[in-house]
Every structure is written in C-alpha cells, then in structure tokens.
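The chain below stands alone and is given as structure tokens, in the form predicted on its own.
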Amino acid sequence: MNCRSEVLEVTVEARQVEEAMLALLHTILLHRSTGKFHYKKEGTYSIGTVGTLDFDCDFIDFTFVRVSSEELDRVIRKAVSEFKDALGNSGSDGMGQISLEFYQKKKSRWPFSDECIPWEVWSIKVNVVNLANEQERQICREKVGEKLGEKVINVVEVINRHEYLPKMPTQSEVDNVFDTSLKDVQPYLYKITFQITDSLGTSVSTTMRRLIKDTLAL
C-alpha cells in the first residue's frame, strides 16, 4: 500500500499557533470521521450521525467547523498544546512540524504486536515570527485568516479525490480501521506527532514581514 503524503505550511505569531493547528487538524478529522457503527448482525450495520459546530478563533479572523465531540476535541487540544509549548521553549523564533497520520492495523500472530500500516499523512509546517507592534499583529490576524481559508479549501479538495480509503470492516475487524474509543464519533485510526527545529528560515520571516509592510503601505 502506498501512503499518501500531504504538506501544508503556515506562518503565524506565537499566540496564533494553537488556533491555527486546531483549525487544520479539526478540518482534516472532520472529513476522516464517521458516526458510530451500530451492528445488527455480522455484515449488517447502520451509521450514526456526526455532529458539527462552528468555532470562532480569538487571535485569527477565522471560523472553522469541527466535529462536536468534546472527547475528540480534548485529544486534539492536548497534542496541540504540547506542540505549542515545545515551540515556545525553542527560542524567540521557531519552526516545527505537526503530523497527523492515519493508519490501519494488521493483526500479527502471538507473540508479535499488531502492525500499523499508514495510508495517509498530513504534515503541517509551522513558522513562528515575532511582530513589532499591535498594528502589525492586527494585519497578521487578517492575513493568517485568509491563508487558513485557502488551506482548508486545499484540504477539502485533496480529501474529495477518489483515492484509497480502508474498506469498511466487518464487526470483528472494526478496531483495525477505526478508533472506537469515543462515544459519539468514530475517526479512522490516527496518531499525532510533532518535531521542533531551532531556527526559522529567514526567507519565511522576510516574506511575512514584507506582506505586512505592503499592507501598511496601502
């Protein structure tokens, strides 16, 4: 099986990291989740509905739609918070990457553990910049909102392609494809990881500052 890989990149100030990551991760998981399966007998099942809600960002001019599951939200927020803290501890300017990997399990014979086979990976590269004043921060708030809108459209376009998805499992195999631990939603099996680098590429920082400077000149 070939694993699809998609890369997104955003440039934000430190206070926007959490909301930007939540917007993108929630958008992806919204489209990679189903309602809970209710099996009547082997091979026959119904699928529950997936509730959604709008989330308004505080530091970005942006509203995104997420699955209404509070359990799923807590899991994502915990991972994003750890990523944000690690970025903050890396220095004044930092660059990192958070990845959302979808996988399925392949049962192995005892005493070996199950094999986890990835089928789609989303990598979000994050560049953190420092801004000089409140005017720059306000412009950044608007520009990051515009960029996030573009990224969300990109995510939806990619997900709407007719590409590989794990086939719907039988009742005995559902835990090999879906995370069934949540009571109100059933995402495909996934894991969130991140890595931090020490320095920010000057080209990225310069591009954001030029964008802000051009806006100020209007």
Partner chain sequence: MDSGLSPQDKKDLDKFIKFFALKTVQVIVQARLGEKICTRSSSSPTGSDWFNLAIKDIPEVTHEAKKALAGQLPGIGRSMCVEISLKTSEGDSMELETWCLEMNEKCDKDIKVSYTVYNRLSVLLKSLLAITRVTPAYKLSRKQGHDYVILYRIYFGEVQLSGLGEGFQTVRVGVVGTPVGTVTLSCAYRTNLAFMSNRQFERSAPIMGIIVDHFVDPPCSSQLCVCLSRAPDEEDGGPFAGVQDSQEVCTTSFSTSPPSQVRGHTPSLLFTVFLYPLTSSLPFSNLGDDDGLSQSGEGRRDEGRRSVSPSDPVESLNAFTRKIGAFVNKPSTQITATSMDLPFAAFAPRGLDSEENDPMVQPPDSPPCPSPLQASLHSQGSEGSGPQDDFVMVDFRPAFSKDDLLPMDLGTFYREFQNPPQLASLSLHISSQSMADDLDSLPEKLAVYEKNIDEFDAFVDMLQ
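All values derive from a computational prediction rather than experimental measurement. Numbering follows the first chain given and starts at 1.
Below, we refer to the form predicted together with its partner chain, which is not included among the displayed structures.
Chemist: So, residue 59 and its partner chain: in the model of the complex, are they within 4.5 Å at any heavy atom pair?
Modeler: Although its partner chain is absent here, residue 59 would stay clear of it in the model of the complex, with no heavy atoms inside 4.5 Å.
Chemist: When the contact criterion is heavy atoms within 4.5 Å, does residue 36 count as touching its partner chain in the model of the complex?
Modeler: Residue 36: contacts its partner chain in the model of the complex.
Chemist: Please tell me whether any heavy atom belonging to residue 191 falls inside 4.5 Å of a heavy atom of its partner chain, as the geometry stands in the model of the complex.
Modeler: Outside the cut-off, so no.
Chemist: When the contact criterion is heavy atoms within 4.5 Å, does residue 68 count as touching its partner chain in the model of the complex?
Modeler: Yes, contact at 4.5 Å.
Chemist: I have 22, 74 and 175 flagged as a candidate spot, so tell me whether each of them has a non-hydrogen atom within 4.5 Å of its partner chain in the model of the complex.
Modeler: Result no, not one residue of the spot touches its partner chain.
Chemist: Does anything in 146 to 169 come within 4.5 Å of its partner chain in the model of the complex by heavy atoms, and if so which residues, in order?
Modeler: Counting only heavy atoms within 4.5 Å of its partner chain in the model of the complex, the contacting residues of 146 to 169 are 149, 152, 153, 156, 159, 160, 162, 168, 169.
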